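In structure tokens, the next block holds one chain alone, the form predicted alone.
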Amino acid sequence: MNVNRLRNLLRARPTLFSVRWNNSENKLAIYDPFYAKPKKTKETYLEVIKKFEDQDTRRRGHVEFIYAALRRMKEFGVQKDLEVYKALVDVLPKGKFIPTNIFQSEFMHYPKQQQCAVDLLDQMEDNGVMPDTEMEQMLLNVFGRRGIPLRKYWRMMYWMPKFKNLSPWHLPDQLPGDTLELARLAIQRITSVDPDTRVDTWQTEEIEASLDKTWIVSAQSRTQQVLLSEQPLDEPLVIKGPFNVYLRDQVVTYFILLGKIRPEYKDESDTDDVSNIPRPPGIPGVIGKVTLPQVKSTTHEQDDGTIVAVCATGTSSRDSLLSWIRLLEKNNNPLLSSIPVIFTLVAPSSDVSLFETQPATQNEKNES
């Protein structure tokens, strides 16, 4: 009897423990101090950090608090502020995580805290925030000279200054909030391959038949105008898109106008023969014959077609692209009136012309 009772008791204990664990886990609730703040500003963000530091001198739960603060940075608009990252590093207790022997330093003393600091530095690097010497001293006071976060800081200070101004397409530190200015920056970046490219800003109100009242940022060079003038009348142009170009965390949609690929020119003459040197025809588009030489293709001639124009519109709708073609025709491209144009884009949800025709269709049904 005693053996059977003991056996039943041992069988029942794991079940009791598992039920108790499940109940305690279901009742667990995590408090987010950043969620209760109605004003999402830098001052309120720093106020929450200061309140956490003052409520407990031992800083219990500092790792969870830092991860919660990192997730809320974009909501408060402080993801690019170096002062805020310093305030989060200052939350970590000082001196406790410094290794005292070689074994602690090699086996990552306090790995949870060190990984939290590395994740904080990773977020700084992703947002383009460069640390300073004060950040180095703070990490040195927390993790010591052999800490992994300090090594991460040294790597950042070596590579980030090298890559900060390496891109040839310079962008301002604060991107403009106006979509028109963002579109101009994007089109200038795309068409910088040809220095002769001219970027124009037009309004669709210039076309009387336009339904979509918006702006158009168009780019075309004199070489592209000559390429468009050589387009055969029986072969249509194609509008391809939408394509995306990224300006840091902002996305701009653009379209391209494709023409026919010129036939490949094969020059079988002897380049070393100077007995009969022909007279040069002139500068294409400026002096003499208004054609491009067939010896070498331009940068606008790609494998799938010749790019004769690039644009970005405020709504990316079919009607705005149709207005773009009409505005190109009015600005030194008269051949567009005789060439058919094919739209290959999928109709976006913001197509104004479709939304304006729906109420009229419903009224006609009601009258009938």
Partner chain sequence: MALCRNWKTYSLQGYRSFSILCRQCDASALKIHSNVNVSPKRLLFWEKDRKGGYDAKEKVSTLQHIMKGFKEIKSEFKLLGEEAKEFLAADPLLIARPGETDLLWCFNEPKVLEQFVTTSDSDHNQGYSSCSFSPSPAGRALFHGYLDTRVPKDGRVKKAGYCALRSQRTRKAFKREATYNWHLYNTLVVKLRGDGRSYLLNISCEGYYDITWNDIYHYVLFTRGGPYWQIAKIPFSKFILGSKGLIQDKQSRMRLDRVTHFGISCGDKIDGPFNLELEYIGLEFDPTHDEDFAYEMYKTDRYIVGV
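If you're wondering where the values come from, they're calculated on a predicted model, not measured in any experiment. Positions refer to the first chain, counted from 1.
There is another form of this protein, the form predicted in complex with its partner chain, and it is not shown here; the text below is about that form.
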| item | value |
| --- | --- |
| Exercise: R184 in contact with its partner chain in the predicted complex, heavy atom 4.5 Å | no |
| Contact label in the predicted complex: Q224 to its partner chain, heavy atom within 4.5 Å | yes |
| 4.5 angstroms heavy atom contact with its partner chain in the predicted complex for R151 | yes |
| Contact of P168 with its partner chain in the predicted complex (heavy atom, 4.5 Å) | yes |
| Its partner chain: the contacting residue among K112, K86, K96, K213 in the predicted complex [heavy atom, 4.5 Å] | K112 |
| Q203, Q137, N244, T100 - the one with a heavy atom within 4.5 Å of its partner chain in the predicted complex | N244 |
| Partner-facing stretch of 230-238, 204-212, 114-122, 77-85, counted where any non-hydrogen atom is within 4.5 angstroms of its partner chain in the predicted complex | 114-122 |
| Within 144-166, the residues that have a heavy atom no more than 4.5 Å from its partner chain in the predicted complex | R145, R146, R151, W154, R155, Y158, W159, K162, F163, L166 |
